[in-house]
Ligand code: RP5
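Taking the form predicted alone, here's one chain by itself in C-alpha coordinates.
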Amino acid sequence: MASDSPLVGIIMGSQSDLDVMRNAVETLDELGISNEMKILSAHRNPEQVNEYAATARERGLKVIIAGAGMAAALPGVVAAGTPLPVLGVPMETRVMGGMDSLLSMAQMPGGIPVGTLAIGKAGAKNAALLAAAILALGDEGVAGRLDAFRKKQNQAIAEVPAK
(Lines give C-alpha, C1' and ligand atoms only; values in the text may rest on other atoms or scores of the structure.)
Protein backbone atom coordinates (compact mmCIF):
# COMPACT_ATOMS: atom_id res chain seq x y z
CA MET A 1 0.00 0.00 0.00
CA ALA A 2 2.37 2.66 -1.21
CA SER A 3 1.12 6.01 -0.02
CA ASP A 4 1.81 9.73 -0.15
CA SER A 5 2.07 9.61 3.65
CA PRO A 6 3.68 6.27 4.49
CA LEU A 7 4.06 5.13 8.09
CA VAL A 8 6.72 2.49 7.38
CA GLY A 9 9.79 2.96 5.24
CA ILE A 10 11.21 -0.16 3.63
CA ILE A 11 14.73 0.22 2.32
CA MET A 12 17.27 -2.20 0.93
CA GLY A 13 20.87 -2.07 -0.11
CA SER A 14 20.42 -3.26 -3.69
CA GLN A 15 17.98 -4.47 -6.32
CA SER A 16 18.97 -8.06 -5.52
CA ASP A 17 17.27 -7.69 -2.11
CA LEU A 18 13.87 -6.91 -3.66
CA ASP A 19 12.61 -10.51 -3.78
CA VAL A 20 13.05 -10.80 -0.01
CA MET A 21 11.85 -7.33 0.93
CA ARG A 22 8.61 -7.71 -1.07
CA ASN A 23 7.49 -9.93 1.81
CA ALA A 24 7.52 -6.92 4.12
CA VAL A 25 5.54 -4.84 1.63
CA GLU A 26 2.96 -7.58 1.07
CA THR A 27 2.49 -8.10 4.81
CA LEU A 28 2.08 -4.38 5.49
CA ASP A 29 -0.33 -4.09 2.56
CA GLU A 30 -2.38 -6.98 3.93
CA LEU A 31 -2.60 -5.11 7.24
CA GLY A 32 -3.57 -1.86 5.52
CA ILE A 33 -0.43 -0.03 6.65
CA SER A 34 0.89 2.61 4.26
CA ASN A 35 4.51 2.14 3.27
CA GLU A 36 7.20 3.21 0.86
CA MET A 37 10.04 1.20 -0.64
CA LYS A 38 13.43 2.49 -1.80
CA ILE A 39 16.85 1.14 -2.72
CA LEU A 40 19.56 2.96 -0.78
CA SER A 41 23.13 1.77 -0.34
CA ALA A 42 25.13 2.73 2.73
CA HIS A 43 28.28 2.35 0.64
CA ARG A 44 27.29 3.49 -2.86
CA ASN A 45 25.07 6.48 -2.04
CA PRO A 46 25.69 7.44 1.60
CA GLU A 47 24.44 11.02 1.19
CA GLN A 48 20.98 9.80 0.18
CA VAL A 49 20.95 7.30 3.08
CA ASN A 50 21.83 10.03 5.55
CA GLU A 51 19.16 12.34 4.11
CA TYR A 52 16.55 9.57 4.26
CA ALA A 53 17.34 8.84 7.91
CA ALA A 54 17.52 12.49 8.95
CA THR A 55 14.16 13.39 7.38
CA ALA A 56 12.22 10.19 8.11
CA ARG A 57 10.35 11.40 11.18
CA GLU A 58 9.42 14.78 9.73
CA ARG A 59 8.09 13.02 6.62
CA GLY A 60 5.72 11.01 8.86
CA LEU A 61 7.48 7.68 9.03
CA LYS A 62 7.10 5.82 12.33
CA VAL A 63 9.26 2.72 11.68
CA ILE A 64 11.98 1.83 9.16
CA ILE A 65 12.65 -1.69 7.92
CA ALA A 66 16.13 -2.01 6.38
CA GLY A 67 17.35 -5.07 4.52
CA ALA A 68 21.00 -5.59 3.67
CA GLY A 69 23.55 -8.29 3.01
CA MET A 70 27.28 -8.86 3.42
CA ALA A 71 28.58 -5.99 5.58
CA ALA A 72 24.91 -5.15 6.27
CA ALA A 73 25.74 -1.55 7.17
CA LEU A 74 22.45 -0.01 6.02
CA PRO A 75 20.32 -0.63 9.14
CA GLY A 76 23.05 0.62 11.47
CA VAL A 77 23.78 3.73 9.43
CA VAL A 78 20.08 4.55 9.33
CA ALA A 79 19.66 3.85 13.06
CA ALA A 80 22.53 6.26 13.76
CA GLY A 81 20.72 8.98 11.84
CA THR A 82 17.14 8.70 13.12
CA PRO A 83 15.35 8.34 16.45
CA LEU A 84 12.80 6.02 14.84
CA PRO A 85 12.81 2.25 15.43
CA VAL A 86 14.91 0.50 12.79
CA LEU A 87 14.23 -3.17 12.08
CA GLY A 88 17.01 -5.00 10.25
CA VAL A 89 16.48 -7.85 7.81
CA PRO A 90 19.69 -9.75 7.01
CA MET A 91 19.96 -11.05 3.46
CA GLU A 92 21.16 -14.52 2.66
CA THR A 93 24.65 -14.35 1.18
CA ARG A 94 26.81 -16.77 -0.76
CA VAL A 95 29.79 -16.46 1.53
CA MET A 96 28.26 -17.30 4.91
CA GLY A 97 24.61 -17.95 4.14
CA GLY A 98 23.56 -14.67 5.76
CA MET A 99 25.28 -15.18 9.09
CA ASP A 100 27.65 -12.33 8.17
CA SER A 101 24.66 -10.04 7.64
CA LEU A 102 22.91 -11.22 10.80
CA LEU A 103 25.95 -10.68 13.00
CA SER A 104 26.69 -7.27 11.49
CA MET A 105 23.18 -6.11 12.42
CA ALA A 106 23.02 -7.78 15.82
CA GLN A 107 26.42 -6.49 16.99
CA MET A 108 25.61 -2.79 17.01
CA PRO A 109 27.42 -0.57 19.51
CA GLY A 110 25.48 0.44 22.60
CA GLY A 111 23.26 3.43 21.88
CA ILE A 112 22.51 2.58 18.24
CA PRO A 113 19.87 -0.17 18.35
CA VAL A 114 18.79 -2.21 15.35
CA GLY A 115 16.01 -4.72 16.00
CA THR A 116 17.42 -7.63 14.01
CA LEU A 117 15.13 -10.29 12.54
CA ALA A 118 15.72 -13.64 10.86
CA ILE A 119 17.68 -14.04 7.65
CA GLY A 120 15.65 -13.71 4.46
CA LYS A 121 11.93 -13.85 3.70
CA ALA A 122 10.78 -14.88 7.19
CA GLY A 123 12.73 -11.94 8.61
CA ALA A 124 11.11 -9.52 6.16
CA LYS A 125 7.62 -10.76 7.01
CA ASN A 126 8.35 -10.66 10.74
CA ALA A 127 9.82 -7.16 10.44
CA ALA A 128 6.51 -6.02 8.94
CA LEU A 129 4.58 -7.70 11.74
CA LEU A 130 6.84 -6.13 14.36
CA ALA A 131 6.41 -2.72 12.71
CA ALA A 132 2.64 -3.28 12.85
CA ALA A 133 2.85 -4.18 16.54
CA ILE A 134 4.80 -0.97 17.21
CA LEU A 135 2.21 1.09 15.31
CA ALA A 136 -0.64 -0.75 17.07
CA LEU A 137 0.50 0.72 20.40
CA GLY A 138 -0.98 4.04 19.31
CA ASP A 139 -3.46 3.08 16.60
CA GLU A 140 -6.58 1.05 17.40
CA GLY A 141 -7.23 0.41 13.70
CA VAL A 142 -3.84 -1.19 13.19
CA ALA A 143 -4.26 -3.10 16.46
CA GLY A 144 -7.57 -4.57 15.28
CA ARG A 145 -6.19 -5.55 11.88
CA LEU A 146 -3.13 -7.14 13.50
CA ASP A 147 -5.37 -9.10 15.90
CA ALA A 148 -7.47 -10.30 12.94
CA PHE A 149 -4.32 -11.30 11.02
CA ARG A 150 -3.06 -13.37 13.94
CA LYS A 151 -6.45 -14.98 14.49
CA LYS A 152 -6.63 -15.93 10.80
CA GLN A 153 -3.07 -17.28 10.97
CA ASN A 154 -3.92 -19.38 14.03
CA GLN A 155 -7.08 -20.75 12.43
CA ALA A 156 -5.10 -21.84 9.36
CA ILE A 157 -3.24 -24.46 11.43
CA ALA A 158 -4.90 -27.85 11.28
CA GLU A 159 -5.33 -29.51 14.67
CA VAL A 160 -5.40 -32.95 13.11
CA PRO A 161 -2.86 -33.93 10.44
CA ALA A 162 -4.26 -34.51 6.96
CA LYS A 163 -4.19 -38.19 5.97
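Since we're looking at a predicted model, the values are computed, not measured. Quick note: we count residues from 1 along the sequence shown, nothing fancier.
Not pictured, yet referred to below: the form predicted in complex with the ligand.
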Report task. Report the residue, out of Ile64, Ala132, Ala124, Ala68, that has at least one non-hydrogen atom within 4.5 angstroms of the ligand in the model of the complex. Result -> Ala68
**Report entry** Contact of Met91 with the ligand in the model of the complex (heavy atom, 4.5 Å)
**Finding:** yes
Query raised in the report: Within a 4.5 Å heavy atom cut-off, is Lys38 in contact with the ligand in the model of the complex?
Result: no
**Report entry** Partner contact for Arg44 in the model of the complex: the ligand, 4.5 angstroms, heavy atom
**Finding:** yes
**Report entry** Interface membership of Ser16, the ligand in the model of the complex, 4.5 Å heavy atom rule
**Finding:** yes
